[in-house]
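Shown next as structure tokens: one chain only, the form predicted alone.
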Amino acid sequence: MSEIFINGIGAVTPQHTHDNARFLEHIEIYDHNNLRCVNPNFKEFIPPMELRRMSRIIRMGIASARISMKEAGVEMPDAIITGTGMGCVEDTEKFLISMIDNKELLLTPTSFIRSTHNTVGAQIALKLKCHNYNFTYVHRGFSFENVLQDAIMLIREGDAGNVLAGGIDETSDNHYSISGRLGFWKDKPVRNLDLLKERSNGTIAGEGSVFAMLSNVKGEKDYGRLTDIDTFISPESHLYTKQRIENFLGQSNLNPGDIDLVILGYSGDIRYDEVFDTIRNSLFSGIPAAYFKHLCGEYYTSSSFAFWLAAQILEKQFIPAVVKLDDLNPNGINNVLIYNHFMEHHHTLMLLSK
């Protein structure tokens, strides 16, 4: 099977991630539970006249896609694949509010047109004048992982050489309020860097856009390789999860001891974090561990932030102190395992290698 190289990556998140030359040098600290993206200068990626008509999520998507393409030196991808759990939330809300305010009369269709989940992928293609394969996955906590699986199949089956693959979601005040009623978020404001110290139900909300240029050809600058990926739903026990991880690593002829860093999806929600403690103690004792949701918050495609983090760590051979769960330091970083779940339902595994 052909290898899948990460030739470029771009990220717009609640941290200063849009400049890949600076790897978490400055950390944004939040004292509330609804994290919003730190925006780059969008005029560097989008003409000002077009920018004023674009919603926030489209700006985020185009900017992160452009960054990854520029790094990879690719002007036209063979495929554009996007994953999102909620799509264009703010445009959806604008249309629904307009329906209510105008009693379903004299409605402008713009917000409705831009509210569809495939809007981001479509806008990227329009900007590039790309007529190639374009697909959007809307599979809740599996959205970004299904993007990567599709990209792997396209590349290995010879249908694409360069695939622009991304995960994107945005939050809003209304979405935060509604999902909060379902018990998603913490009742009281929490400082994001103290997320794991707050032993209570709920977590903090987030958003972000991460796009990667994947290829079967090693580029001049590579972040590493996407070795394998796996997903499973609502495991019956922690023992099943442990066995699933062992089998997953075995497919790449690896043992838990071969992993140099494990990135875990701790969210600070005591209802759902126990499995990470179990896996860490039973499989990866003595192996450096990291976490990431205190930097980006929780959202359906938050694993894309972990993907960005793992790729940066592999390329720079450096683990920032802000993501460390311990004081362990590997001699070299060759294999990074990401284990995440969304609300204990959607469980995902990603293996990245140098």
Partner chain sequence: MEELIERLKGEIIEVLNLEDVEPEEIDADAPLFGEGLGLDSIDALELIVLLEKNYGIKIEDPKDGKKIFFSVRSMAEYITEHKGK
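Positions refer to the first chain, counted from 1. As the structure is a computational prediction, the values presented were derived from the model and not from experiment.
This protein has a second form, the form predicted in complex with the partner chain, left out of what is shown; the following refers to that one.
Engineer: Residue-level contact is defined here as any heavy atom of the residue lying within 4.5 Å of the partner chain in the predicted bound form; does Lys324 satisfy this criterion?
Structural biologist: No - in the predicted bound form, heavy atoms of Lys324 and the partner chain never come within 4.5 Å of each other.
Engineer: Give a yes or no for Thr108: in the predicted bound form, does one of its heavy atoms lie within 4.5 Å of a heavy atom belonging to the partner chain?
Structural biologist: Heavy-atom contact with the partner chain at 4.5 Å: present for Thr108.
Engineer: In the predicted bound form, does Arg53 have a heavy atom within 4.5 Å of the partner chain?
Structural biologist: Contact check for Arg53: yes, within 4.5 Å of the partner chain in the predicted bound form.
Engineer: With the cut-off set at 4.5 Å between non-hydrogen atoms, does Asn102 touch the partner chain in the predicted bound form?
Structural biologist: Yes.
Engineer: Among the candidate stretches 65 to 73, 43 to 51, 290 to 298, 27 to 35, which one is within 4.5 Å of the partner chain in the predicted bound form when only heavy atoms are counted?
Structural biologist: Flagged stretch: 43 to 51.
Engineer: Within 4.5 Å of the partner chain in the predicted bound form, heavy atoms considered, which of Val217, Leu193, Leu239, Ile113?
Structural biologist: Spelling it out, the residue with a heavy atom inside the cut-off is Ile113.
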